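Let's start with one chain on its own, the form predicted on its own, as structure tokens.
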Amino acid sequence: MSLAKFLIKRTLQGIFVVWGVVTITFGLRAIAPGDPVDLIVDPATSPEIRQQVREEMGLDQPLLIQYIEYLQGILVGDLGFSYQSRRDVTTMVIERVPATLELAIAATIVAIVIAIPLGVISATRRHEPSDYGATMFSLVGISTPNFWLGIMLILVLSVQFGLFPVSERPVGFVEAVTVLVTTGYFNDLITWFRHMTLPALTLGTYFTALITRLTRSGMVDELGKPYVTATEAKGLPSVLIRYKHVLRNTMIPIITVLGLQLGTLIGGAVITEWVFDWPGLGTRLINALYAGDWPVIQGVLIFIGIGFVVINIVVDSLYAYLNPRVVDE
């Protein structure tokens, strides 16, 4: 199978997944209790006005017609209007994307900076205290719920010691960098960093533990291969062997997992955003769930699904390019 056919296959699979997300979310809206008209007009409004609103929204049409019209709207980027605010859902979703992406990328950076060195140390010092410590950290990190860790970090580092802000995002990364470039002031960038630290640590802990274990297992496997013994016999320094040869060969599966987990982090940031009042897609989704605002719920879930699919396709493409044998499997 050629690389082009491989990409076409993955793209078609991705389209099918997105269609599944759209269909499931639409079905959930159809069976959800409550009348959407109650979010638009007062429940005491006369039946005639309520019926008029229902007709304007197309809710009087059969479900199949509503479903087809919704699919047609998605194809042109129209996700409808919010029942509660009457704002365009596409705009409401897109305006929250930067905050969620910042959080997911920051959590990924935290994981890379901590996990890879920790995994290397654990693999090269097996059965020593540092190895046991890294293994324990991985176990605790994978087992700790994000919402509990976030609350503990707020209580200890924010409330008790006052080291970091409790919540919110007063300035975005792009805005902070723009101010730095145009004026030379670091204040906005420092403010962004201080508000980002605790959410990124909370979201990145599980990811850090996962990458630590993956790095350790990959390094241990590579260190047992014949080429390592050969390079040692040639007298190459152990540091050069570990980081130039062994770690480089270990990085391919790690890069794959990093890409795939970035999509997971975007969807998994919902609880973390809620704990820290971070103005991203997660907070918007939970607020919409509380209000029963189904167009917004659908819009956020569809966007997360599309983001996850796109990231998976990109990662699969890079992996197929780096390892052509995947294309033939």
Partner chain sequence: MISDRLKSSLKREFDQSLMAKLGLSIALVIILVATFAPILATHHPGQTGHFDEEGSSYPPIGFDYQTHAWEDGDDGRERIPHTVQPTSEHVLGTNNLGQDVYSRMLFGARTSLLVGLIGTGLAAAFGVPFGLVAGYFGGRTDDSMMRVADIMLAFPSLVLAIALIGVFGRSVQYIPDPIVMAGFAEGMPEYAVLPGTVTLVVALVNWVWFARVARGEALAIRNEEYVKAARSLGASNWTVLRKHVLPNSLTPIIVLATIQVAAIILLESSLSYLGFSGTTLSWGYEISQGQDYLRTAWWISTIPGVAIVLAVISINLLGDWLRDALDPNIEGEGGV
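Numbering follows the first chain given and starts at 1. This one's a predicted model, so the numbers in the text were calculated from it and none came from an experiment.
Not pictured, yet referred to below: the form predicted together with the partner chain.
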Requested in this report: State yes only if every one of 142, 221 and 285 has a non-hydrogen atom within 4.5 Å of the partner chain in the model of the complex; otherwise state no.
Outcome: yes
Requested in this report: Specify the contacting stretch among 51-59, 38-46, 296-304, 64-72, defined as having any heavy atom within 4.5 Å of the partner chain in the model of the complex.
Outcome: 296-304
Query raised in the report: Which listed residue (185, 147, 243, 227) meets the criterion of a heavy atom within 4.5 Å of the partner chain in the model of the complex?
Result: 147
Query raised in the report: Out of 236, 155, 177, 163, which one falls within 4.5 Å of the partner chain in the model of the complex, going by heavy atoms?
Result: 155
Report task. Indicate whether residue 197 is a 4.5 Å heavy atom neighbour of the partner chain in the model of the complex. Result -> no
Requested in this report: Indicate whether the partner chain has at least one heavy atom within 4.5 Å of a heavy atom of residue 87 in the model of the complex.
Outcome: no
Query raised in the report: Could you tell me if residue 124 has a non-hydrogen atom within 4.5 Å of the partner chain in the model of the complex?
Result: no
**Report entry** residue 151: touches the partner chain in the model of the complex, heavy atom cutoff 4.5 angstroms
**Finding:** yes
**Report entry** Contacts with the partner chain in the model of the complex, stretch 109-137 (heavy atom within 4.5 Å)
**Finding:** 126, 127, 132, 135, 136
